[in-house]
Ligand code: ADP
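Next up: just one chain, as structure tokens, the form predicted on its own.
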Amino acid sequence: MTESNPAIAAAVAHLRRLSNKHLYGGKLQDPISGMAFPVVSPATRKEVGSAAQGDAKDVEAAVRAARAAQPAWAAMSPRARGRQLVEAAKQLNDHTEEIAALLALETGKAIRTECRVEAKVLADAFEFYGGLGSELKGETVPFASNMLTFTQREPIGVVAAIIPWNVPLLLMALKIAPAMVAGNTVIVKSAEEAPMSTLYVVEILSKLLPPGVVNILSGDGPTCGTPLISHPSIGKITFTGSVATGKIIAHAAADRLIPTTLELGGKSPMLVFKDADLERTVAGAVSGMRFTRQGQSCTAASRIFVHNSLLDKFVQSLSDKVNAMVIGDPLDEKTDIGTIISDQQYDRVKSYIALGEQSKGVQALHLSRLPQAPELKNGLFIQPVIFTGVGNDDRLAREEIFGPVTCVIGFDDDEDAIRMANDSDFGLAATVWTSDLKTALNATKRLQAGFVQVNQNIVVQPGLSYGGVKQSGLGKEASLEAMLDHFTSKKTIIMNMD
């Protein structure tokens, strides 16, 4: 890695400047405990900064700032709030390269294929929600001729947004942008593995928005997250992460009877029917498995069901495509695939690969080449793996691995493919690949997933309602309905005209 690139040099400087800091009340703040934890580059395993370790005292200070700012922010007209978010989008666009480099440094994601794309979608999300301020409107209700009955949308208050490490910028934006446009103030709890890029983005926002409207704390779940979700002044929790943590948050929200949105895990099926366009489908599998993100995505196509008439050609073509991808330095523009995020996740993924290799009848195809550069020898790089011969009841096909590992499973009967796709604890996303309209409509109607695509496998985009069923979570994100349903409360007002 080198600092000769101005954006990378700026990112390194931001890492140093923002180390051991929270941000609330419009200012960078030292952790009250004075404690911090290291931020490590997954590509080199070297410390690149440090993050503040938040605790209950930091939570109290951040909540106090958010609560103080909320009445004036809510009193501002919705379109005025929206204009501030649109201006924020412009500022974020101006800092795309620095944000992308910072994200690559701390997450190990490739800057060209992942980080720069995420930085741009981050700005797009703020622009999208900034334009929706005028949609915060109520309804008139024809209840009785002598009564004027109407509803109005009101902000909830202070929102806690807890974000993951895999796509931290986009998922933060999809939580805090609608919350703020709706008149709430927010406190972000960043992921321990990726705290710095989100802190930098919040710093940019805080220079444009009134102090206390947007705040961010870093720290682990028990020490920082638990006092945040338990604080009596938090009126709403929105979370993306594991099913296990989601259940803890749901219990905490239930104890206080406050609303929560949960976007949890996935084991997303990809159904390739016999009339599918093979070339297009293979390209969709490459993008859909999120190989450029090392498969660290809850929508990754980690179960690919292929009609047996196409199975061998599909596996060969997919292998060829992935073999041609470059694993390497996340900051190198030639790199397609970066690293796994952490030692813990690396060990988890490797254990699943070992499980598959030891399973009877299962074949493992290890693809692409690990980087050979001396400075990357200790990096958390893993070759993508395609498993064949896996049964849909096997652990590889049932449990979320969150790594560059997919199972290709053959089928003869279309009904059997849909049955296997639905035979899962998860129901986040699915894709259907076919040239037949009837086949597509039948599959999309019957698949148990909240986000279903046909002949494409794009990532979450602002404006498309996104969320799952079953163990994949509660509620929707990324849309107008997400703002209205999850970040406002509806008040009914009845005026007797007699």
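A quick note: this is a predicted structure, and the numbers were derived from the prediction, not measured. Don't overthink the numbering: it's just position in the shown sequence, from 1.
What comes next is about the form predicted together with the ligand, which does not appear here.
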Do E193 and the ligand come within 4.5 Å of each other in the predicted bound form, heavy atoms counted? yes
State yes or no: in the predicted bound form, is some non-hydrogen atom of T260 no more than 4.5 angstroms from a non-hydrogen atom of the ligand? no
Would M147 count as a contact of the ligand in the predicted bound form, using a 4.5 angstroms cut-off between non-hydrogen atoms? no
Is the gap between K236 and the ligand in the predicted bound form 4.5 Å or less for some heavy atom pair? no
Candidate stretches 245-253, 274-282, 367-375, 307-315, one within 4.5 Å of the ligand in the predicted bound form by heavy atom: 245-253
Work out which of G221, P210, P71, G391 lies within 4.5 Å of the ligand in the predicted bound form, going by heavy atoms. G221
Just one of P164, G265, G356, G130 has a heavy atom within 4.5 angstroms of the ligand in the predicted bound form, so which one? P164
